[in-house]
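Here's a solo chain for you in structure tokens, the form predicted on its own.
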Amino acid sequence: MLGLMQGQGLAISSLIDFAEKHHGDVEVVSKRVEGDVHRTHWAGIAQRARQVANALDGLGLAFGDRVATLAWNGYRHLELYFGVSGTGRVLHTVNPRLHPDQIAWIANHAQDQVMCFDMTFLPIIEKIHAQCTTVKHWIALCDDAHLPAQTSIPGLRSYESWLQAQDQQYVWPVFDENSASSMCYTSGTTGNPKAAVYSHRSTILHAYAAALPDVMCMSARDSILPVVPMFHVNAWGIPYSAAMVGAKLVFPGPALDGASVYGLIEAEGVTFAAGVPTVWQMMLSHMGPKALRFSTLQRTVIGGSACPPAMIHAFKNNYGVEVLHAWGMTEMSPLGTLCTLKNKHLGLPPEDQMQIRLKQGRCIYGIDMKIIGPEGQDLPWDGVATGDLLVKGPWVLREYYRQEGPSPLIDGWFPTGDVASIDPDGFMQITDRSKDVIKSGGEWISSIDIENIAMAHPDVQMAACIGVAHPKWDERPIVVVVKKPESNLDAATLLAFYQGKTAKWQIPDDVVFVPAIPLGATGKMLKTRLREQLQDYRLPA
């Protein structure tokens, strides 16, 4: 016996239709590449998304053809989110922080037909366009007045003139909800990048889950600032969830420095923000010396890499902002867990609650997870055992685009590459990346734990722990540190800071001060590159 419900498929076009009909006057605010602040609303986004759809039809693109973006967070990028996927084409968000040769390789591998780019990235496009053999149309996300007077890019046109000629009416096509909607390539720190291809079904389910009260708790009462880039895993799904609930969206554009982000939060009454730890570190460093406060910000989701406990304490204790620790990955659309307390935790002392908040959180409905040992055996959820973390669910990758390499699944589970523990209440804590864990004298040392202690020191701006070769212990940890401006911190002082905070054998053998730690395209520390930079380093005798 089958259910007797209507069989309407899940489609991204339904999100923008809903936002226009029920929340049409809700603002979408963008800091533009041009330097000004642009204001529109969901009805305006919907209208222009339909113009995008007509424009793509006019180019003769086939169903499933890829349309690439090389763009910051802004209203034009948002229009492409809905206008491209809504027609059955595939939105391919390209990370502009990758090396130009990698961008060209990705565009060719994805067989992109159209490339839409912010003028910030004109030098990249001019450098690589001849290498992008499948791209037939180049669209600059600006008006005619901001096009370059001379360029080598064939047939370059402005986005505004492209849309201006298009009808504002469009009937979204109906197709299988499992059709591809968008795609995002991994950073490719080892080998060539690989692409996760998301479907309309997986994207809508992910948007539902992200908006739940125990997840990001998004609603029509929120003003949301996604600092996490729209070119990285669809800005963690926030644009879709915001349309679903009718929230105000505030886009930072290219201005991601502490002063700009703080100013935008205050000017637009932002209640909820999302980003990686490095962005928030810049903002907190800007606010502290000036004794600045938040007037509207209530909570922030921090993910991408482990959030240092000192940052969670600073947000909560100094500014009254709740930090929601999150974990996920490109192959998971990206959300897997988010840390919110259960009812039974509300009566715990603040320090006990904080110990829970420091974890990456518990599963969102739709995601299942487990940890396994070296022989593939399931490990207990006791908060002590650590093992390789595996996940599965309706928005978790089954295989990579064009079946690059063998299927990554292990008996239907996706191996995340993270090492974690899970406590009896289901709260998961990442203890390390499998490639970053340090094995010293047969014992494992968590690089994240070492980094967190360093980050708690008031003179440390950023810290990364790596293992270096040791003749007796195989590996020993060192901590690489960027000091805060004007700091006179020395190695002996920082190493003394570790006393009593971890086992003596886990204390780093040395501190290496550097002007900067290399960051990846999404703000994560690049330990592979850091190891290369320190390949000639030798431990003190």
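Here the rigid core means the biggest group of C-alpha atoms that line up within 1.5 Å when the two forms are laid on top of each other. Computed from a prediction, not measured in an experiment: that's the story for all the values here. Note that residue numbering follows the sequence shown and begins at 1.
Not on display, but discussed next: the form predicted together with adenosine-5'-diphosphate.
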| field | residue 252: touches adenosine-5'-diphosphate in the predicted complex, heavy atom cutoff 4.5 angstroms | value | no
| query | Counting only non-hydrogen atoms and a 4.5 angstroms cut-off, does residue 330 reach adenosine-5'-diphosphate in the predicted complex? | reply | yes
| said: Can you tell me if residue 206 lies within 4.5 angstroms of adenosine-5'-diphosphate in the predicted complex, counting non-hydrogen atoms only? | reply: no
| query | Is there any non-hydrogen atom of residue 306 lying within 4.5 Å of adenosine-5'-diphosphate in the predicted complex? | reply | yes
| Just one stretch in 311-319, 166-174, 446-454, 430-438 has heavy atoms within 4.5 Å of adenosine-5'-diphosphate in the predicted complex, so which one is it? | 430-438
| field | adenosine-5'-diphosphate in the predicted complex: contacted by all of 50, 54 and 88, heavy atom 4.5 Å | value | no
| field | Interface residue in the predicted complex among 240, 395, 236, 231, criterion: non-hydrogen atom within 4.5 angstroms of adenosine-5'-diphosphate | value | 236
| in the predicted complex, the residue from 386, 340, 223, 360 that sits within 4.5 Å of adenosine-5'-diphosphate by heavy atoms | 360
| task | Take the rigid core as the frame of reference and indicate whether the C-alpha of residue 435 shifts by 2 Å or more between this form and the one not shown. | result | yes
| request: Would you tell me if residue 474 moves between this form and the one not shown by 2 Å or more at its C-alpha, with the rigid core held superposed? | output: yes
| Between residue 308 and residue 475, does the Cα distance in the predicted complex come out closer or farther than in this form, changing by 3 Å or more? | closer
